[in-house]
Structure formats: C-alpha cells, structure tokens
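Consider the single chain below, provided in structure tokens and representing the form predicted alone.
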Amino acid sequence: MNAVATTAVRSEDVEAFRRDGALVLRGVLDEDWLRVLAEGVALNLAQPSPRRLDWVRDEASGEHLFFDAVTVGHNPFYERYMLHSPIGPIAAALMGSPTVLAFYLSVFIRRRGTQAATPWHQDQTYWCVEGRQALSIWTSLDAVPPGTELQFVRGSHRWDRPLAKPYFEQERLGGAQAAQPPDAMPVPDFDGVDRDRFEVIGWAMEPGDVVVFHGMTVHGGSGRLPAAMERRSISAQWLGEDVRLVDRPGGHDPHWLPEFATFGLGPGDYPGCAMCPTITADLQPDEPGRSRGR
C-alpha cells in the first residue's frame, strides 16, 4: 500500500474550528481507510465490548441503535485507524497541541429506518477529563444526505454554562437526567420554538468526509433515517496537552476512571498512558492507503 501524507489543515480551518466549534473536512479518508473501518465495525458487532448498549431496540418496527465505546486496544482495526490514519495529526493541528492522546472511539450503528434522533448534548460534560483541548472526529461509512446530518450549534463551545445532560442508557435515549451540574442550563428546543435563537450548522457528507467538533460544542438532531437507509458512524475522541482527569459529581459516560486507575492515574493527572497512546502532530502514517486530501 502507498504511504499516507498527513492531510493538510489550513489556517482557515483552525480559525473556523476556534470560532464555530465544528467544521467539515472533505475526502480525508480514502477507500483503504474506509475498508479498515468497515472491518472494525463488523468485528465490533460480532465481539462488542462490555460497554455496548442498545439505545433503541424495537422488535416490532425493526428500529435498532447500537452503541459501543472502545479504547484503542480493544479492536485492531480501530487501533490502526486511531494510530496511523490522518485524523490524529488533524486533531493536533486544530487544537494547537504538539501531541494528542487517542482517548477512545464511539460507534453508532443505526439499522434501516431507525427514527430516533440524537438528543442535543455536549460530549465533554460526560467525559472524565477537563480542559479546552478536546475534540471528536466523526465520520460515516454510509452517505449522509441532507436532512439526516449531525447538527451543531455554532459557537456553543464558548458558552459560559454547560447544557443539562440527557440520558444515554440501555433503551433510554433522551430525557433530562435527574443529577445535573448546579450551573447547567436547560436544553433549548433547538428543533422547534428556540431554533431562531441559535445558528445551527451541519453538512451532508460522503464516505471519506469527516466532521471535527469541540468537546463542548452542542450537537444532536441527526439520525431520522429514511426507511431504506442505515448508518454506520464512528467518532474518534482526542485530547490535547492541557487536559486532566476529573471525577464529575454527576458521573461519567463512559466511566473510564477505573481503567485509568489500573495505570496509577486519577483525578488531576494527565491521562497519557498505554490506554491513551500519544500521537505527534507531524506523524506520517504508513498504512493503509493514500489520503486524497482536501
């Protein structure tokens, strides 16, 4: 296979990320990387981790939303994607961090016609880390046509107050959790009466495109799929050098602190360890294919 050149991140991309909290990058993953991810998803479905959840399961309608949260070492295909694809250097460049940590992957499999939309939320309020250098890189192995895209509230990563957290539990997707941070703000009706108060952005995508968004960017609204459509999407979570482990009073999802404890790490510590390998900003990955760039 040909060597991979790190996908260039332009200054305007960095500016858009800092201003808006989300941006799309086109053609980052070539067909070889998409095959790696497809093999990873197939293995993940056959051998899910203990953190696997069915957020939606309706035997009558056939609707099913599978979720899993996995670390780099759990799946060799995901490990290759996190450690050798262009996305690690992209994360470093956008965060302005010389190195980044491969935190974990979130995997979402929506079967055909699944209508359950992703609740509006901020990822980092669930994570056991705090710091400004935190982001996700989301991609789909299937086309994302207009009307089904993941949506983001522009600039929400700079809000002073966190958003109240909805449930992401077994067969329980949405609805406000009982335990909330004391300064949490109620979730506006982004899909209805409050829509005009905010600027909501999102992008139709083709396989190979990625969306990058800050850990505190409010997002949701995706997933209302037409009857014949399914979606396999993967979100890779990345951390920069300013992050530290934290024990949130309202809990974590996923709850990674026990795993970090096996490496002698706890609240206040930098989470770099074998569980979260380090990627340098100038990494030149070796496999599995050549990026098409922008």
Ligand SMILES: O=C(O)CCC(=O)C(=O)O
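No experiment lies behind these values; they were computed from the predicted model shown. Note that residue numbering follows the sequence shown and begins at 1.
Another form exists, predicted together with the named molecule; not displayed. Remarks below refer to it.
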Checklist entry - Do heavy atoms from each of 133, 238 and 243 fall within 4.5 Å of the named molecule in the predicted complex? => result no
Checklist outcome for this item: Only one of 169-177, 183-191, 196-204, 104-112 has residues with a heavy atom within 4.5 Å of the named molecule in the predicted complex, and that stretch is 104-112
Next on the checklist: If the cut-off is 4.5 angstroms on heavy atoms, which of these, 150, 90, 163, 82, is the one near the named molecule in the predicted complex?
Outcome noted: 150
Next on the checklist: in the predicted complex, does residue 157 come within 4.5 Å of the named molecule, counting heavy atoms only?
Outcome noted: no
Next on the checklist: Residue-level question: is residue 213 within 4.5 Å of the named molecule in the predicted complex, judged on heavy atoms?
Outcome noted: yes
Checklist entry - Might residue 121 be said to contact the named molecule in the predicted complex, defining contact as any heavy atom within 4.5 Å? => result yes
Checklist entry - Quick one: does residue 99 come within 4.5 Å of the named molecule in the predicted complex, counting heavy atoms only? => result no
Item to check | Neighbours of the named molecule in the predicted complex among 204-226 [non-hydrogen atom within 4.5 angstroms] | outcome: 213, 219, 222
